[in-house]
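Before any questions on binding or motion, here is one chain by itself as structure tokens, the form predicted alone.
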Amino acid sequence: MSNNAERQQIPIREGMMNIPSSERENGRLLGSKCNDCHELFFIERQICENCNGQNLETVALSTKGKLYAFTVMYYPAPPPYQAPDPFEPYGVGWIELPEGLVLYSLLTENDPQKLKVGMDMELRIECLRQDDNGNDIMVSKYRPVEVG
């Protein structure tokens, strides 16, 4: 691709996130809230998995949460999450949001000595890799919040 202005940022999965419009902003993960039974879901959906209703609205989820559990993977990520270096260790964890949802997510940290269950985490939207057309494939990751 010869012109960077043509490059787009594309979520790794449609309905998963809002992409930030500038580097000073951070995107938000998107969910759905059922207006009938009030159940909340991560990733937009059309039908409530709790009551099968179709009266859902899109909501932006909190950008902060707590690390519920984690591990560091030492083997290549499955599709579509392959990074440019498939043998680079990567952290994954469960993040508990204030809304009560617990999300499975990539982590920015891959050193288990720097991660602790219960620590504060915040959302980052980052480029995982480029597709064949030179577009940035964007993913959500959580990083430890700096204390102090």
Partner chain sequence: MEDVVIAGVGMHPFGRYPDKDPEDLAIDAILKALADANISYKDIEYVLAGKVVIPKEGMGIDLMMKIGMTGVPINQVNAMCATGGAMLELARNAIHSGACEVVLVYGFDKHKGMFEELGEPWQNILGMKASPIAFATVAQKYMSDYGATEEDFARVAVKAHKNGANNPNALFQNIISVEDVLNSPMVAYPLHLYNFCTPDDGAAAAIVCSKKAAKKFGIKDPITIAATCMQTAQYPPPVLEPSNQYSVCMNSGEGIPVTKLAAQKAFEMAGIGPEDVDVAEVQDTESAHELVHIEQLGFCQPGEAFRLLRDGEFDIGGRLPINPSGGIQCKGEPPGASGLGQVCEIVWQMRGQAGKRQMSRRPRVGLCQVFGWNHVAAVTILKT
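In this text, rigid core is short for the largest set of C-alphas that superpose within 1.5 Å between two forms. Numbering follows the first chain given and starts at 1. Bear in mind that the values here come from a model prediction, so they are computed numbers and not experimental data.
The next section is about a form of this same protein that is not shown, the form predicted together with the partner chain.
Chemist: Considering Val59, Ile43, Met119, Leu56, which brings a non-hydrogen atom within 4.5 Å of the partner chain in the predicted complex?
Modeler: If I apply the 4.5 Å criterion carefully, the residue I get is Ile43.
Chemist: Residue-level question: is Pro112 within 4.5 Å of the partner chain in the predicted complex, judged on heavy atoms?
Modeler: Contact check for Pro112: yes, within 4.5 Å of the partner chain in the predicted complex.
Chemist: Although the partner chain is absent from this view, report whether Pro80 comes within 4.5 Å of it in the predicted complex, heavy atoms only.
Modeler: Taking the distances in the predicted complex, the answer for Pro80 is yes, it comes within 4.5 Å of the partner chain.
Chemist: At the 4.5 Å heavy atom threshold, is Ile125 in contact with the partner chain in the predicted complex?
Modeler: Contact check for Ile125: no, nothing within 4.5 Å of the partner chain in the predicted complex.
Chemist: Even though the partner isn't displayed, in the predicted complex is Ile12 close enough to the partner chain, meaning a heavy atom within 4.5 Å?
Modeler: Taking the distances in the predicted complex, the answer for Ile12 is yes, it comes within 4.5 Å of the partner chain.
Chemist: Which residues, if any, of 60 to 88 lie within 4.5 Å of the partner chain in the predicted complex when only heavy atoms count?
Modeler: Residues within 4.5 Å: Tyr68, Ala69, Phe70, Thr71, Val72, Met73, Tyr74, Tyr75, Pro76, Ala77, Pro78, Pro79, Pro80, Tyr81, Gln82.
Chemist: Against the rigid core, is the Cα displacement of Tyr81 between the shown form and the other one at least 2 Å?
Modeler: After core superposition, the displacement of the Tyr81 C-alpha between the shown form and the other one reaches the 2 Å mark, so yes.
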